[in-house]
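The form predicted alone is given below as one chain in structure tokens.
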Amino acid sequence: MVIHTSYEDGVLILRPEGRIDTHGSERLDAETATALPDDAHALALDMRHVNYLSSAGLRVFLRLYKDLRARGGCFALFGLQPYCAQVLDIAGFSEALPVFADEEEALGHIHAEQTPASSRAERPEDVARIEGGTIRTTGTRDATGTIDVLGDINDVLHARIELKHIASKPFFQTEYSLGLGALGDLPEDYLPIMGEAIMIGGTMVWLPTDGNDTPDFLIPKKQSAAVTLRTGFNVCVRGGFNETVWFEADDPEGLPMSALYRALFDRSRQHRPDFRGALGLAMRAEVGKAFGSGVTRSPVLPHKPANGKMILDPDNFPEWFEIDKEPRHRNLTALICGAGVDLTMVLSAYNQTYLNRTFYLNPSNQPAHDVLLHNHAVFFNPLPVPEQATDLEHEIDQVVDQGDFIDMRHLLDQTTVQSALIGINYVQDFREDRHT
């Protein structure tokens, strides 16, 4: 492999030619170590003449991206050939790394990111009032969002999960999903204690139904085919985020989740022609009052209620769910992942089968007849609120790396959000999740 280097407007551009296989990755790694000074802040990789990309190359890309981001810099890829683009996508890196069609787009992104936030001219249209707060748009991108569904929420609600329903879901750096899950090797180890689960930013947290009410928190440092999430039901926000926004509530206590979703729905109808009635969200949030719930028994077939009714039935609900009638936590930092639908809109454009497998009416939510939500959260002791935050993945990584983990729960709609950096996915369809 041959690597050409050049500087354009303060950006180091590497132009490899050939195969980025194991040997080529070593060459690329060595070249960047030589050509990229410790105080450098911008690197673009021209992939137009690379015809092969291996996992070793992906690791080099990820290291460069993280190293530059840690020093306040920026990394970008552009001009990928179809095979290399497919490798990037299959490995789950296409959403984690900044990828652009051509050099002009890549350099434009880098220069925008390198401009100090304090000196950026804030366009009036980027700041908007919503019901209960203020929204500031911090970034946009083209993306085709979907909600990918494994299993069926109705199998959970009827406690009929069996081994045949279980899928093994690998960890991905950019996974944003929630559902029912567990960790473990043998079915007898995990099936009896499956509980609420969330994966966000490469982190997996689940709440075993073993009676101890103690979440299990795992941050894998590398992908593994052996250690996977065992899940009987999982909902994934896939395709990246069309917008990133910064939200500030008017009330110091925060805006309830149901009201925040309603405000985002109203805003979406006004300025997004691709809004069909559903949003997928991920956020780094400051929470005023956290109300949670969680199943207390694994909804597997041997645990099926003797009366044959759903676990939500009033006769079964107290035995099956722990519900916060008062805030479980106050004034803390949270990572939240979820989805919601605007019930005032016609939702017939969506695949009805997978839409109906995603949501359910939790009787513990305060009434909000115009929205239907499904959200999980991981809670941390309060961290400093970031100033001029724009990079959601970076902020999530910061919370995971620096935060003091407290808890995780299914999030009730009355939970209040004081401020948040929010990634918004304008969901185009609900479909089967094949990423197992």
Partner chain sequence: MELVIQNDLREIETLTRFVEQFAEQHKLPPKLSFQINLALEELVTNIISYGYSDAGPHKIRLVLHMADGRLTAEVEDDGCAFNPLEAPPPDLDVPLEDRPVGGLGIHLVKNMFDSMDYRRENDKNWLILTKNHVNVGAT
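Residue numbers count along the first chain shown, from 1. Computed from a prediction, not measured in an experiment: that's the story for all the values here. Here the rigid core means the biggest group of C-alpha atoms that line up within 1.5 Å when the two forms are laid on top of each other.
The form predicted in complex with its partner chain exists for this protein as well; it is not shown, and the discussion that follows is about that form.
**Student:** Could you tell me which stretch in 424-432, 20-28, 5-13, 409-417 has residues with non-hydrogen atoms within 4.5 Å of its partner chain in the predicted complex?
**Tutor:** One stretch meets the cut-off, namely 20-28.
**Student:** Report whether the minimum heavy atom distance between Leu53 and its partner chain in the predicted complex is within 4.5 Å.
**Tutor:** Yes - in the predicted complex, heavy atoms of Leu53 and its partner chain come within 4.5 Å of each other.
**Student:** Check Phe380 for me: does it contact its partner chain in the predicted complex (non-hydrogen atoms, 4.5 angstroms)?
**Tutor:** Phe380 lies outside the contact set for its partner chain.
**Student:** I'd like to know if Arg59 sits close to its partner chain in the predicted complex, meaning any non-hydrogen atom pair within 4.5 angstroms.
**Tutor:** The answer is yes: Arg59 has a heavy atom within 4.5 Å of its partner chain.
**Student:** Is Tyr350 close enough to its partner chain in the predicted complex to count, meaning some heavy atom within 4.5 Å?
**Tutor:** Contact with its partner chain, no.
**Student:** Could you check which residue among Ala112, Val127, Leu312, Ala91 gets a heavy atom within 4.5 Å of its partner chain in the predicted complex?
**Tutor:** Checked against the cut-off, the match is Ala91.
**Student:** Among Thr344, Asn356, Thr144, Gln86, which has any heavy atom within 4.5 Å of its partner chain in the predicted complex?
**Tutor:** That would be Gln86.
**Student:** What residues in 95-109 sit within 4.5 Å of its partner chain in the predicted complex, counting heavy atoms only?
**Tutor:** Residues within 4.5 Å: Ala96, Leu97.
**Student:** Is the C-alpha displacement of Gln86 equal to or greater than 2 Å between the shown form and the other one once the rigid core has been superposed?
**Tutor:** Gln86: C-alpha displaced by 2 Å or more between the shown form and the other one.
**Student:** With the core lined up, does the C-alpha of Met257 move 2 Å or more between the shown form and the other one?
**Tutor:** No, the C-alpha position differs by under 2 Å between the shown form and the other one.
**Student:** Aligned on the rigid core, do the two forms place the Cα of Phe247 2 Å or more apart, comparing between the shown form and the other one?
**Tutor:** Result for Phe247: no, shift under 2 Å.
**Student:** Between Leu77 and Ile200, do the C-alpha atoms lie closer or farther in the predicted complex than in the shown form, with a difference of 3 angstroms or more?
**Tutor:** Closer: Leu77 and Ile200 approach by 3 Å or more in the predicted complex.
**Student:** Could you tell me whether Leu183 and Val87 have their C-alpha atoms closer or farther apart in the predicted complex than in the shown form, knowing the shift is 3 angstroms or more?
**Tutor:** The answer is closer, because the C-alphas of Leu183 and Val87 approach each other in the predicted complex by 3 Å or more.
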